[in-house]
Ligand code: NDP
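The form predicted on its own is given below as one chain in structure tokens.
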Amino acid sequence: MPKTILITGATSGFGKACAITFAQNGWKLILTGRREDRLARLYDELSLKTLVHTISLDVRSRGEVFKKFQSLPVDFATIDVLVNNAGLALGLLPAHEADLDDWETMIDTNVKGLVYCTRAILPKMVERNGGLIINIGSIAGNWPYPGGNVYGATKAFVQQFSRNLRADLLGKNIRVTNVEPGIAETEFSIVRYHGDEEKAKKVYQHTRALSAQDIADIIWWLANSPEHVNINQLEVMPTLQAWGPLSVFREERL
């Protein structure tokens, strides 16, 4: 019997690559996203391969998340894997100059949206005593950088929330993994720079960054690993990326 995966933020980047990968392997798909036109195109493409249910959804809306996740069609009611992928970064200004609207959007999406989706799906997993939750974090949750302020803080939340879920679920057959990608060439930087494609291109100039498919392959492997194996945290960077020296500000003295 085919398994079912629910992917939030499925219309681009990691989410879309995951949807395509799991469809090619016969899984049933529940795909959510805010852009209805993209959801429709994805449905047309993937419903030729497997059963697909799309949900136009803004994960920031608590009421919308619970209403739509609690009224799934019978064929999609048993969710084996939840991929909390919906998330974004906005801006790179230092904290004292950053746009509060950007901060609130990141908190509402990356933190509250992930919490809403998890809370809406988790009780059925507990009742069934089975399931896998994959949260998409970031290396920004581990390693700060200038301008990362609230984005990094939201991804640190994802890491701790994932760990605490594991603690709460001890003794139940439910796994939780936090996947933390480094630099990856998707629409991430276009969103961060509010649609400025020229700025976004420069982020990836002369690099071989991670691709959306690289992360989808990792998620496929996680979903198909043995049920007694839990990968708590998986940090992944492209080979060209590593940690730098600690910054030191040197004040000129007379």
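Don't overthink the numbering: it's just position in the shown sequence, from 1. Only a predicted model underlies this, so the values are computations on that prediction, with no experimental measurement involved.
If you look for the form predicted together with the named molecule, you will not find it shown, but the lines that follow are about it.
Each of 86, 155 and 186 places at least one heavy atom within 4.5 Å of the named molecule in the model of the complex. Shown alone here, residue 178 lies farther than 4.5 Å from the named molecule in the model of the complex, counting heavy atoms only. Looking at residue 35, you'd find a heavy atom of it within 4.5 angstroms of the named molecule in the model of the complex. Within this chain, residue 19 is remote from the site of the named molecule in the model of the complex, having no heavy atom within 4.5 Å.
Among residues of the shown chain, residue 219 is not one whose heavy atoms approach the named molecule to within 4.5 Å in the model of the complex. Heavy atoms within 4.5 Å of the named molecule in the model of the complex belong, among the stretches 162-170, 68-76, 119-127, 133-141, to residues of 133-141.
For the residues 12, 25, 230, 233, the 4.5 Å heavy atom test against the named molecule in the model of the complex is passed only by 12. Contacts between 49-63 and the named molecule, taken as any heavy atom within 4.5 Å in the model of the complex, involve 57, 58, 59, 60.
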